[in-house]
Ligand code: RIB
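One chain comes next, on its own, written out as structure tokens in the form predicted on its own.
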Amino acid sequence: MIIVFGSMNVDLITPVKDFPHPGETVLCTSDYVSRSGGKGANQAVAAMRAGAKTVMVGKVGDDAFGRRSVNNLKNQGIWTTGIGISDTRPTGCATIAVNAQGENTIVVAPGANLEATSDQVPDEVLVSKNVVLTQLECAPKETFSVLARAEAKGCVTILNASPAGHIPKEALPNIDYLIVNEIEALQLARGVGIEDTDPRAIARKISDAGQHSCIITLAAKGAIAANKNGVFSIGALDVEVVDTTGAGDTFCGIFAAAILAGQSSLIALHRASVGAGLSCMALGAQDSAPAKDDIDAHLSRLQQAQKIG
């Protein structure tokens, strides 16, 4: 089972020709859409569609957005018994602008996500056969507590350090797989005193610092992975991009599902890169996550990861 400790939001997606400059107002090129989102929920949906039994742990507000978020996950087949309801804060909300090239800018109001606590994850689910997947849209202290408890119990632990934030050195040994994008990798590197700007060097040094695998996603350039066996590169699937929103979350969910299934990290990397590419072909962060059969059907379109260092 994959235990996702993370955020749940409702996304308001606004298609625009170009992003506005400060002080500028732009009109949408078509109607806005409202979709379920949040990095945690997005990753849970991606993992479930990739074939993994998945449970979501987090917090929503006592409001329409919260009920919608929970019901959406239930309808997807995800266990929701770990989701709490805040008495004081609203459900998280993200405003997403998507331009004509499929790029996005995102503003997140975390709301009840900041009240999610480590103790919502019971000890009995933290067993060696399970995978714990987290991000940084909930309170970092609680996220790092979940990772520490999971690592102590023998779970495989995955942290998608997004949005970029400080990771205490003492937390690094509790992370088996650290996943970041290129911008987040640079910010993380500076935070731990790494001066390099080359993703290969950053991945190698971050991996060495925590004795874990470090994966840096590079959008249309694929991804870089560093572990005790070296540095590896995977390309990106060539697709017609509609919307990149949630592609990173899809990558993380599919990667976690492959690891749960007993696949090697390089096979998981291959599957995740293919799935992330497929997710860019539709609008929204969750609706675009591909099913396991779709991923399988497109694996041959992308060369497997190659050792580069």
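Note that residue numbering follows the sequence shown and begins at 1. Here the structure is a predicted model, which means the values were calculated and not measured.
Just so you know, the form predicted in complex with alpha-D-ribofuranose (RIB) exists too; it's not on screen, but the next bit is about it.
Trainee: Could you confirm whether Gly253 comes within 4.5 Å of alpha-D-ribofuranose (RIB) in the model of the complex, counting heavy atoms only?
Mentor: Gly253 lies outside the contact set for alpha-D-ribofuranose (RIB).
Trainee: Spell out, yes or no, whether the shortest heavy atom distance between Thr245 and alpha-D-ribofuranose (RIB) in the model of the complex is within 4.5 Å.
Mentor: Residue-level check for Thr245: yes, a contact with alpha-D-ribofuranose (RIB).
Trainee: Can you work out whether Asn42 and alpha-D-ribofuranose (RIB) are in contact in the model of the complex, taking contact to mean some heavy atom pair no more than 4.5 Å apart?
Mentor: Heavy-atom contact with alpha-D-ribofuranose (RIB) at 4.5 Å: present for Asn42.
Trainee: Quick one: is Val108 in contact with alpha-D-ribofuranose (RIB) in the model of the complex, heavy atoms, 4.5 Å cut-off?
Mentor: Yes, Val108 sits close enough to alpha-D-ribofuranose (RIB) in the model of the complex that at least one of its heavy atoms falls within 4.5 Å.
Trainee: Sort through 59 to 67, 33 to 41, 270 to 278, 46 to 54 and report the only stretch with a non-hydrogen atom within 4.5 Å of alpha-D-ribofuranose (RIB) in the model of the complex.
Mentor: Single hit among the candidates: 33 to 41.
Trainee: Counting only non-hydrogen atoms and a 4.5 Å threshold, tell me whether Ile2, Leu133 and Asp176 all contact alpha-D-ribofuranose (RIB) in the model of the complex.
Mentor: No: none of Ile2, Leu133 and Asp176 comes within 4.5 Å of alpha-D-ribofuranose (RIB) in the model of the complex.
Trainee: Which pick from Val121, Ile234, Leu188, Ile96 sits with a heavy atom within 4.5 Å of alpha-D-ribofuranose (RIB) in the model of the complex?
Mentor: Flagged contact: Ile96.
Trainee: Even though the chain is shown alone, can you say which residues of 137 to 168 have a heavy atom within 4.5 Å of alpha-D-ribofuranose (RIB) in the model of the complex?
Mentor: The stretch 137 to 168, when checked against alpha-D-ribofuranose (RIB) in the model of the complex, contributes only Glu137 at the 4.5 Å heavy-atom cut-off.
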